[in-house]
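A lone chain, given as structure tokens: the form predicted alone.
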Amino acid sequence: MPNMPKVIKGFDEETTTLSYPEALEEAGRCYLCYNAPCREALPAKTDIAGFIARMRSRNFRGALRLVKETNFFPGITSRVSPYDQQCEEACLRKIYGGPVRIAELERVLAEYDRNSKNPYLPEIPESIDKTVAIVGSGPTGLSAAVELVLNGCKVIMYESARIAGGVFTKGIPSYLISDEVIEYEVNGVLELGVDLVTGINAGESINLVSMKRSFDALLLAIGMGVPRKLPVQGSEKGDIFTGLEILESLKLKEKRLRLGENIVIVGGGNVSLDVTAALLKLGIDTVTLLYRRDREHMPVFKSRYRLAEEMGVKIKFRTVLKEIISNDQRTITEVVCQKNELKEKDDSQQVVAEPIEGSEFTLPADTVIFSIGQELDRDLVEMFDLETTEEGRIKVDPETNQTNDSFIFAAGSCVERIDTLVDAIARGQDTARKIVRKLLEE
């Protein structure tokens, strides 16, 4: 380990917002399509043509209101969601001067709201005398809370961390989005009247019997909160972290991780690229990403990959980590890697990576970071005796999102694979509507 290790710290946001004249000019490019394909390509089904039409008439507040009907977090999603692979990809303007910059127009509206002396909050309807508890305050839980309140429910949200937001507050590097934007939009949910309890311990603070006495329904939006680590030889020694630990240390002042100068990252998703880019921004030049397949198999947003490329990321494709070697002081000195070959599995056209015998090689390393996905935190699942799927997620009725206990609903990545924040927001909103329907039927 070098004498002066790097200390993880935050960054300033590096993205920029269009000026109002630029936004009006961009809005003027929209065809305002009927049955617009951009709307269907966005999981939240935001009325894109509708809000752009209002922007063109300089009714920014009305445009913002229309956006927030389906997405209460436009300042966040417009910065970090892959709009270029969703609504902008479907834009009919794509072949005539490029797609309308929908994400940037949403961002202008979000900044207009954040800088307003009278920020927009929807009108709260009359109470239907139903109270719902939500465990988890990530994008799915927050979105569900908004929809429940706007349908007349009282909502109390429980969060194990000290602050609300989940991946919003812990998993997005500051160079992509500032803490101020996240704080503003998360606080907007609380301003609707949602009560928040933070720092809870599931076993001590959440008891199903008392929950059933106090609430009409319980929604689990707990995500997949346990990072995976590979059980490779030597992984019990030295400085070994997870990608989420690194990203969290970028955001929370009380968490500081000391890293070496030769860092090996194992993974191939957006988190691994975010971590790689962040470390390069810190000035750590020797960062190597190991990915077991080829570039076309990486489950990453195009924008994230472009940014990593611009930062000079070093990726060793078709490579796996085989062993971590440490010295007598339990300090990592190098890693043993092995090359893969890709083969189609049976007749399914599924590509699998198989190690090539005799292809081992070593890389100097003093820090290893695993960024290979997450697993379900099973504390609540076991405590509530919930059924799970073969994939290891909470099993629900797809029509209602109810678990095997009809009092308990579940939504988000703890139930199904969620690829983007907009997907997570849409799932929360949809599940909240299902909860309201069930409560009104009783």
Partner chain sequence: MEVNLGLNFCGVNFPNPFVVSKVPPVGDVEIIAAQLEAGWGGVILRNASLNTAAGKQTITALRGKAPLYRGVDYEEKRIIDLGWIEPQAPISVEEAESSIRTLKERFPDSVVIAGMVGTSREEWLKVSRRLSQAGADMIECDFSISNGNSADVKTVIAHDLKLMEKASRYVREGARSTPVILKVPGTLPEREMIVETLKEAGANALNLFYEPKGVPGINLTNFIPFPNVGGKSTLSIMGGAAIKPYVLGILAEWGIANKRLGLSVLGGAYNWRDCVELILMGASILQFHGAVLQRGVRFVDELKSGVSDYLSEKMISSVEKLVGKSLPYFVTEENLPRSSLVAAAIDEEICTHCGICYQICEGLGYHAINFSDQRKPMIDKKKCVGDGLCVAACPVFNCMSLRRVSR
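Residue numbers count along the first chain shown, from 1. Keep in mind the model is a prediction, meaning the values are calculated, not measured.
There is another form of this protein, the form predicted in complex with its partner chain, and it is not shown here; the text below is about that form.
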property	result
Contact of residue 56 with its partner chain in the model of the complex (heavy atom, 4.5 Å)	yes
is_contact(residue 37, its partner chain) in the model of the complex, heavy atom dist at most 4.5 Å	yes
Interface membership of residue 24, its partner chain in the model of the complex, 4.5 Å heavy atom rule	yes
Heavy atom of residue 398 within 4.5 Å of its partner chain in the model of the complex	no
Its partner chain in the model of the complex: contacting segment from 306 to 314, 95 to 103, 187 to 195, 329 to 337, heavy atom within 4.5 Å	95 to 103
